[in-house]
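Listed next as structure tokens is one chain, alone, in the form predicted on its own.
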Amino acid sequence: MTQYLVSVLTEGAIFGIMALGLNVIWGWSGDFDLAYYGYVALGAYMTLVLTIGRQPPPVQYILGLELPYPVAVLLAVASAMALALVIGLIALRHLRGIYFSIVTLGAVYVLYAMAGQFVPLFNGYQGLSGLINPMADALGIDFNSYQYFFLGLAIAVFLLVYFFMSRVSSSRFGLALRSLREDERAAAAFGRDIYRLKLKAYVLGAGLGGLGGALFAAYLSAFNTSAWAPLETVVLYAAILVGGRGNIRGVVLGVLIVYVLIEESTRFLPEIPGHPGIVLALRPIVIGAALVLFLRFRPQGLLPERHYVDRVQPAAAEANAP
């Protein structure tokens, strides 16, 4: 039971980091991004190819380095941000709404196809494995104690991300993003550079997705295309919607409700004799039902976003007064 709780808390912290990154893109900027989990996957893949070294044929993948895990994480995050910069430069310049979503959906499909069909990249559909207990030898941590160490690491990284995003949320940058979400034309009339602000938010959110993927790869010790299931992206969106879109605390609450309460509780349901797949199918059904109910009855979520006011400093107001 203890190991199960440790695994749930570890995954919850990792998914919390991913959700906070998606909240920047969708919750603050208002861009419905369907390529987000591709940045998570790229962070996981890059972490693996930078740490596990070379493996004997027929396994094939790029790089095959044996860098320290923290260095690999930084490079994985940088890779996710670089990819987001390329996609954002194309998708954010003239596309909004459903057109932006379609382009990002195409981008994530291209990434999925390349990772699965171009075997020399990340070993195709078989994926990568071998990242077992990174940093354990360097820190002198035995196998039985490592799960508790990694839980502490995941929670520590989550808290750092949480407090950093809390500061960003109330900063001028966070307020500017919300103004774009509410009315781009009005924001542009007040001198906001819409394209640049959205691009910065997109790259920042993708970087947090890559960070979550890097931790996820270390937790699973492997990654392949089966982890790209559409349900993973739906779970992140559901967590943000249920908790409160745009609200940092709401996102955390949503992760606890959707991932811990809904997803994990379905594991304890008794199986129906002769129908073993029904209980497994209940998970996406319950998550989908929660999405529909919240969209219909409480679209602002359980913790609605606080309405900030971007006030002009008194001195600046007096200087600009006629």
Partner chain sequence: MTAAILSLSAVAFTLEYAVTNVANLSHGEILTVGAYAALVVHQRTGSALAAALAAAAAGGLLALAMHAAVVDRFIRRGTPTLVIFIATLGLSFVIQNLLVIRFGAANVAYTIPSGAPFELGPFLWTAVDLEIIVSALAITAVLYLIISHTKFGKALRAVSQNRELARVSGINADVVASATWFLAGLVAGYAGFILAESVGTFNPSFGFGFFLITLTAAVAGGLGRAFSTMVGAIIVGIALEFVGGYVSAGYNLAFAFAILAVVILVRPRGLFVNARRSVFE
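Nothing here was measured: the structure is a model prediction, and the numbers come from that model. Numbering follows the first chain given and starts at 1.
The same protein also has a form predicted in complex with the partner chain, omitted here; what follows describes it.
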query	finding
Stretch in contact, per heavy atom within 4.5 angstroms of the partner chain in the model of the complex, of 46 to 54, 63 to 71, 251 to 259, 289 to 297	289 to 297
Contact test in the model of the complex: residue 133 vs the partner chain, heavy atoms, 4.5 Å	no
Proximity of residue 123 to the partner chain in the model of the complex, heavy atoms at 4.5 Å	no
4.5 Å heavy atom contact, residue 97 to the partner chain in the model of the complex	yes
4.5 Å heavy atom contact, residue 152 and the partner chain in the model of the complex	no
Candidate from 129, 101, 79, 147 lying within 4.5 Å of the partner chain in the model of the complex - any heavy atom	101
Listed residue that, although the partner chain is not shown, lies within 4.5 Å of it in the model of the complex (heavy atoms), from 156, 188, 139, 85	188
Residues within 4.5 Å of the partner chain in the model of the complex, restricted to 106 to 126 and counted by heavy atom	106, 109, 110, 113, 117, 118
